[in-house]
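To begin, one chain is listed below as structure tokens, in the form predicted on its own.
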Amino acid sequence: MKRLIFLIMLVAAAAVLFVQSASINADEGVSPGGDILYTKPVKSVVFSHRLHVEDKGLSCDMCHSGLFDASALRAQEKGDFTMESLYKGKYCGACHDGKTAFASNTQCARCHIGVKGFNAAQKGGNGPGMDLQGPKDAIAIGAGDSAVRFSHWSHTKSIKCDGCHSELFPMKRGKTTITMGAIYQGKFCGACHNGKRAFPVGDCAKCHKIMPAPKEDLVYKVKDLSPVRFSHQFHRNLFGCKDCHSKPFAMKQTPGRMNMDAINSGKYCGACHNGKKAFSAAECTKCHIDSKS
């Protein structure tokens, strides 16, 4: 009996130390995803993202691809979140099967901190879902000087993980091809950056340190006329990206749909080249070049 009491006290003490350690890590901002305190099916288990991601090297999509939702504690709301399910290979049991990791029906005290551990966590100011932050390092989207550096930390202050994952973005880096055209259509970043929920995507300088405009001139071929050469570099000295994108131009090279009738009616280049904001589109030689030049 004395030995049993000693073992219980030992587990409780270890649980308190573990919870305190998790809290310190979160405060120092080194956790890639924070810690989660589960109260079901047995009270209670602390899950450490840091242990699994940084120490064990697991990628996010190993768990967030069907085993667990991207929202903390969503799993324990489900009726099958039971120890029996874990024994059958669901949830934590997908890895804790005795092969990939220790079996879920063994070494119980390595996960379960018990009622005393739960109370210690509560007194320490840690709720059931603790400090979810995402990867601590910024993610580069795109390549080169115009790439965008995305910070999970600045976004998780107001958005939960399932606000983006996995409907807008898969839970794996490099899995998505993001284009400005798609963003302007409300996809990816554009789902929030629409000028209502967050600043609009037309405010390019808020994300791009260097604007991703083409360095080379664009050459438009016009039927029965000399081609037109368009310089982003020249126009950027006068206008911002949002002045042209995505109206009157989509964020991609216009595939030969422009014609002088449309321009003269105020579309495309004619939105500015109307003789008021810029020289008139009727001054042909200022834009149309010799096809040999």
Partner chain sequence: MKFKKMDIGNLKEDGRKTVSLMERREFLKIGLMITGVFAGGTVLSLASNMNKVFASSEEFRKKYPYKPHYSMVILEGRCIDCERCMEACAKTNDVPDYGYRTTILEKDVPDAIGRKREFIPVLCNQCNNPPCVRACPTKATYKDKQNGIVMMHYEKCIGCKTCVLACPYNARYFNEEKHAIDKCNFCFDTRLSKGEKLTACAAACPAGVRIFGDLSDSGSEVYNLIHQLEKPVWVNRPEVGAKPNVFYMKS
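Positions refer to the first chain, counted from 1. Since the model is a prediction, treat every value here as computed from it, not as a measurement.
Beyond the structure shown, there is the form predicted together with its partner chain, which is absent from this document and is the topic of what follows.
Segments offered: 55 to 63, 224 to 232, 239 to 247, 40 to 48. Contacting its partner chain in the predicted complex at heavy atom distances within 4.5 Å is 40 to 48.
Checked against its partner chain in the predicted complex, the candidates Lys160, His208, Lys90, Arg110 yield a single residue with a heavy atom inside 4.5 Å, and that residue is Arg110. Checked against its partner chain in the predicted complex, the residues His155, Lys116, Lys78, Lys187 give one hit for a heavy atom within 4.5 Å, which is Lys116.
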